[in-house]
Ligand SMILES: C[S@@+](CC[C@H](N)C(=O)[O-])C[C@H]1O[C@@H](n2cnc3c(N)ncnc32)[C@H](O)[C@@H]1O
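Quick setup: one chain, the form predicted on its own, written in structure tokens, and binding and motion questions come after.
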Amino acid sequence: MLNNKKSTSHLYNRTASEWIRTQPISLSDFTARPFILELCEPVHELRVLDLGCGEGYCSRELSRRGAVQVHGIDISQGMIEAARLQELEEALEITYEIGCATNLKQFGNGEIDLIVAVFLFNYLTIDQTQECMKEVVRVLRPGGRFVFSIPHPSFPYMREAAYPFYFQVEERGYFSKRDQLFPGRIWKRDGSWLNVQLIHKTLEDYFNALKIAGFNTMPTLQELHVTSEHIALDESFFSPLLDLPLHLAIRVSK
């Protein structure tokens, strides 16, 4: 049985300090997070829950954009400690706690306006993804929004394991390798990299999870990729990924 919770917490307890930043530096800080945050708008006066918050990068940005309350949850003690240290340096009144995204018992029904999960589901199995989305539906208020991002399910099978971003799949297996864990790396512009993981799921798996959870409105979906603006900023860093589908950003309302 895949012990992904232990694997994830171990990875991020060990590497939490490497994720701390006050400005964009990793690939997905440019190719994903700005677009995800725009999908969250408007956030002014909203109660926000950031699932898999890591060291708080997106939590802080959502607070700066006017959220009245931001609460971050992450399974990694190291990441939560790093987030709390950032809160001490810049007090935004964000609360952080160690917790599991598949069990949100600390929240009542319908008390959250916006739930965000930035690259959380690539660490969850299909069953865990379904459990998490059920909890999301429960704690969202009617009309509340759920915004999440995932690595594009096709991406690992479209290029070799190489700079500046990859998941190391051993062979073809888009359907047969579902729920298997693959290691990966994503680079920073300073030449260092971050170790990441992927529990592979198909696009159908994600949309089935939304349906099982009870979402019944049409999602907004964006396929995120390297843009001409990225190339103009740093051609050598971004160009190896030009014209490839890197991430998916999805917004759905309750």
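None of these values were measured; they are calculated from a predicted model. Throughout, we count residues from 1 along the sequence that is shown.
Here the subject shifts to the form predicted together with this ligand, a form of this protein not shown in this document.
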{"query": "Triple contact flag W19, G54 and L124 to this ligand in the predicted bound form, non-hydrogen atom at 4.5 angstroms", "finding": "yes"}
{"query": "This ligand contact at F182 in the predicted bound form, heavy atom, 4.5 Å", "finding": "no"}
{"query": "Proximity of R33 to this ligand in the predicted bound form, heavy atoms at 4.5 Å", "finding": "yes"}
{"query": "Contact test in the predicted bound form: G144 vs this ligand, heavy atoms, 4.5 Å", "finding": "no"}
{"query": "This ligand contact at G99 in the predicted bound form, heavy atom, 4.5 Å", "finding": "yes"}
{"query": "Position in contact with this ligand when the complex is considered in the predicted bound form, options V118, V136, I112, A82, heavy atoms within 4.5 Å", "finding": "V118"}
{"query": "Listed residue that, although this ligand is not shown, lies within 4.5 Å of it in the predicted bound form (heavy atoms), from C58, V43, A209, L27", "finding": "C58"}
{"query": "Interface stretch in the predicted bound form with this ligand - options 170-178, 85-93, 71-79, 152-160, non-hydrogen atom within 4.5 Å", "finding": "71-79"}
